[in-house]
Ligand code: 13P
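Consider the single chain below, provided in structure tokens and representing the form predicted on its own.
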């Protein structure tokens, strides 16, 4: 390795470069210079985590150097919510998008929660407001409001139960045992997919909103047939936020955790993960002997977080990056999250 000016001792830097490469970054195309840049930052972040008594949860759509370099917990929204609920750390530096950091704060009101990238929003969370939910409830009195976890704290506070892409079918089935109809928001396509799976009529038994994910609404179902001809034996997996047409065309639909378990438990000639590109990167590092055909889209919000921003937040602990929510709002939102845990794990 060529000499490079750095505040990090050469031996420690070389060992960290080797660790990152072995973790899968090398296989993803990270060159020597990029690995060194990452190693300097990951070493700094690990030191700061210990000094700040901090923990870093990271969603599977995050950059590979975040997932493999500094994350203490990795997973989908549900798993990370549970991980944050059980943490003993004083501070949580959430590598994901704003609604996820808000969820961590709701579940840990006494801890400091930081969001490294203030511009890490979510098109689904932005698609509906608390006032919209109140108007829906007024139009459909008595119907439970089921909200996808990709919503703001204010919307969660107006909801009866939260769901994730993985547990939504289970929770809705439980609710339909005692209710003739439900309100589901904000993801219209996920709602349409759920209605089809559960055999419910849209508009009378399942009331939907019009939100969509900017990543998943961009996939074209007509391309599936082309890929199947190009790659015989290909297994295609799609996220539940994809269009109903895409869901009908693929071999499996679910949340990110469901998709990873499917890959782990099956043996296909190749796999295609129709979702944000971060999951494909993670799958390639986790299953290096399996073949993956790319068909993904980058989420600008998820990719807004990088190692430099994480290090800066840990170094300065800036108030501008700290997630602050009203206590009463958190109490109301926490009830809908606790209801999710109750129904999902019953």
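The shown structure was predicted, so the numbers you read here are calculated from the model rather than taken from an experiment. Positions refer to the first chain, counted from 1.
The same protein has a further form, the form predicted together with the ligand, not shown here; the description that follows concerns it.
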query	finding
Heavy atom within 4.5 Å of the ligand in the predicted bound form - the one residue of 146, 113, 246, 100 that qualifies	100
One stretch from 151-159, 249-257, 200-208, 129-137 that, in the predicted bound form, holds residues within 4.5 Å of the ligand by heavy atom	249-257
Residue 193 within 4.5 Å of the ligand in the predicted bound form, heavy atoms	no
Residue 105, heavy atom within 4.5 angstroms of the ligand in the predicted bound form	no
is_contact(residue 68, the ligand) in the predicted bound form, heavy atom dist at most 4.5 Å	no
Interface residues of 151-176 toward the ligand, as seen in the predicted bound form [heavy atoms, 4.5 Å]	165
